[in-house]
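Before any questions on how it binds or moves, here is one chain, the form predicted on its own, in structure tokens.
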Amino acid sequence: MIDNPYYTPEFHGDYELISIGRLDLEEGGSIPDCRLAVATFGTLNDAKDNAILIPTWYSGTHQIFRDVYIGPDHALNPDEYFIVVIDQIGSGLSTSPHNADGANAGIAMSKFPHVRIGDDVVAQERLLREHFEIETLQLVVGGSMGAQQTYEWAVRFPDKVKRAAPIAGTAQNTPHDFLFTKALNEAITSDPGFNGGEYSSNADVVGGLRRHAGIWAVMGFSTEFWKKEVWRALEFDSKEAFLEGFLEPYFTVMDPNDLLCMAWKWQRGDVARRTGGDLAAALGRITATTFVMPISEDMFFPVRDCRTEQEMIKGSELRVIDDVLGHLGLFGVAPTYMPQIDQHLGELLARPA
């Protein structure tokens, strides 16, 4: 176990660690004591039928949703709904390679087993059912890897999900996205300080994490973001200053093994595993009222890829979010981003389900 002060309430706000016990994994092996970091907003009603689930994206935690997406002035309104944000396995807050201790000590660091998107969803369903006694969800909504989990929820547990809103993500990862994520991973693992995953601190791998951030600069933001120098609106005076003042500090505090754990899942996200590789059959299982919400300039999950999947989901709608930032528009930096999200989610929540 590594002590990394970044993964504390000081940086992420309040959350509760809830154990769901032993979690056996799709790829074999298990997490002996799977603990999930959970942040809740609002009050669960007596009928336990006003819950919304938000799974998290790569490198992100509940903090971004608390600060940007949730509030009485948003569609994700805690005055009306009980909103549960569950940090994915490997997030650094839930059970992860760097924090595995106690019963999990045997799977710490490089020994951490491969986890799939489906494992996250099985763990989340167990937590909601056993800890909160929640059997149905008014909405599952998530961005990027959270969108992958949203699709998995809607396919795996169709009777439990009334509405689904995958934002900037796909149900089946593409070969291009797999290769991009491979480059992200190699930026980390090629650092001599990585030491086969047995480093003593994330600081040992700071060079790899910095290169990792640089690759995000190329793909995370759109070509238009750089061409129009949108970073000036974020109060940076050069693209180099933006990298050094925003992206690099964001990633260099994180744990390399945690990032690799999440990236492995991301690369292999595929709901068609449940239908013998037949994506149409998998998406055909979805009964939730679904809005598929790609970001217009996203270079990871372009609109065309999201549209192809959306057309396989009965009764679904494609709602494109216009944002020049591209994939990292998910951070809600542009003032035009959240109004679009709130409009679409508000309309979705108003639909009968």
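Residue numbers run from 1 along the displayed sequence. Keep in mind it's a predicted model, so treat the numbers as computed, not measured.
We do not show the form predicted together with another copy of the chain, though everything after this point is about it.
Although the partner is absent here, residue 299 sits close enough that one of its heavy atoms falls within 4.5 Å of another copy of the chain in the model of the complex. For the chain shown alone, residue 266 is not a contact residue for another copy of the chain in the model of the complex, no non-hydrogen atom being within 4.5 angstroms. Another copy of the chain is not shown here, and in the model of the complex it never comes within 4.5 Å of any heavy atom of residue 249. Put simply, residue 236 is far from another copy of the chain in the model of the complex: not one heavy atom of it is within 4.5 Å. If you check another copy of the chain in the model of the complex, you find a heavy atom from every one of 178, 190 and 243 within 4.5 Å.
Scanning 211, 98, 162, 116 against another copy of the chain in the model of the complex with a 4.5 Å heavy atom cut-off leaves one residue, 211. Between another copy of the chain and the residues 186, 135, 80, 204, the one pair within 4.5 Å by heavy atoms in the model of the complex involves 186.
Shown alone, this chain has one stretch from 72-80, 138-146, 215-223, 252-260 that lies within 4.5 Å of another copy of the chain in the model of the complex by heavy atoms: 215-223.
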